[in-house]
Ligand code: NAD
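Listed next as C-alpha cells is one chain, alone, in the form predicted alone.
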Amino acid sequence: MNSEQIKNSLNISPAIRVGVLGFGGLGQAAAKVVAGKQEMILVAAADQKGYAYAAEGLNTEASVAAYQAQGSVGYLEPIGTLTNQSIQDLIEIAEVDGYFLALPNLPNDFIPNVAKEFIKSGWRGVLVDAIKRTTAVEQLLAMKDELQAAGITYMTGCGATPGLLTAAAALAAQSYAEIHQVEITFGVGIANWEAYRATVREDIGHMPGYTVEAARAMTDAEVEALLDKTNGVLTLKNMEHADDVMLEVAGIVGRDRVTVGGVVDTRNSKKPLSTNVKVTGRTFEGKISTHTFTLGDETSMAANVCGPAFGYLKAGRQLHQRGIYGIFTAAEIMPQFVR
C-alpha cells in the first residue's frame, strides 16, 4: 500500500484552516493549542488593532511575541496589517474554513454582532464561540434562520462551561428518566489577571452589585482595587450562564434546574477548587442518584476552553461539508477530537 492509499484508508483530509479572532490570553492559548495539531493549521489571527494572515500558516511564537511587545498581531512582519476594522478586513482577504471567536463577551451583543458581520460579508464556513451568558446565546439562537441562509455552521457555548461540562451533563443525563438538578461548580486559577482581562471583567459582571455594563467600564486600576479587597479571589453564585438555555433547548432539563457558580483566584495558578458537574435524577426504577464528572486540577482554564472549542470546530466542519448550516450548541453535537 502506497502513501496515497494509506492516506485514503485513514480518511485523512487536508488540514482545516482556522483563524482566531481575539488575541488576548485566550486567543494566544488557542494559537498554541492549534500549533500542536496535525489536522488544523492557524492561518489567521485578529485583535482590535490589526490582523495577520498567511495561507501557509502563522508562526505562533512570532505572533504571540508581536502582540505582547506591541499590542497587536498587526505588527507581525511582513504579514501583519494594522486596521481599526480588523475582522471585516480579514474576512474579505483570508481563506479560512472556521474561526474561533476568542472575543470578549462584553457587551452581551458583541459576539452576535460579529456573527452578523460574517453573514453580511457572504463568507461561508464554521464559527465557534466560548460564550458564557444566557442572554447572549439566546440572541444567537434567534439568528438560526439567518445563519442557515448564509451557509454558516455556528457552534455556540463550546468552551468549558458552557461547553465541556454542558456536554458531560447531556451525556450523564442518559442514565435517568427525569433530571432533577444540574449543578456546575468551577475553580479557576490564574497567576496574573492581566493576561485574562476580558474574562475577569465578565466574572465581575456576575457579582452582586455589579452589572455587565459596570464591569466593562471599569479601568484596570478599579479592577485591581476590587481584587485587593478580595485578596484576588472572586466568588460567584447563581451566575447567568448559558448552560441552562443550552440544556433546555436540547430537551434535557428546564433552565430553572441548572445552577452555575465557582471561585476564581486571580493570583495563583493553582485552582481554588476542582471543577465539576453534578447531574441528579431519577432512574426508570425509581432510584435517585447523582453522576459527578470532575476535571483534573492540572488542566488549565485555557486547556479546558480551547480544546473543546476546536473539537467543536472540527465537528462543525463535518456538518458544514454535509450542507448542514444554522446554529448548534455543545449540548446537541459531540465534539470531534483534533489530532
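Start at 1 and count along the sequence shown; that's the residue number. Bear in mind the structure is a predicted one, so any value in this text is a computation, not a measurement.
Form predicted together with the ligand: not shown, discussed below.
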Query - Non-hydrogen atom within 4.5 angstroms of the ligand in the predicted bound form for each of 23, 48 and 87 - result: yes
Query - Per-stretch contact check against the ligand in the predicted bound form, the hit in 250-258, 116-124, 192-200, 229-237 (non-hydrogen atom, 4.5 angstroms) - result: 192-200
Query raised in the report: Does the ligand come within 4.5 Å of any heavy atom of residue 301 in the predicted bound form?
Result: yes
Report task. Consider residue 305 of the chain shown here, and say whether it contacts the ligand in the predicted bound form, taking contact as heavy atoms within 4.5 Å. Result -> yes
Query raised in the report: So in the predicted bound form, does residue 80 come within 4.5 Å of the ligand, heavy atom to heavy atom?
Result: no
Requested in this report: Using a 4.5 Å heavy atom cut-off, state whether residue 153 contacts the ligand in the predicted bound form.
Outcome: no
Report summary line: The one residue among 74, 112, 104, 262 placing a heavy atom within 4.5 Å of the ligand in the predicted bound form is 104
Query raised in the report: Of the residues 204, 170, 160, 245, which one places a heavy atom within 4.5 Å of the ligand in the predicted bound form?
Result: 160
Report task. At a 4.5 angstroms cut-off on non-hydrogen atoms, which residues of 131-148 are near the ligand in the predicted bound form? List them in order. Result -> 131, 132
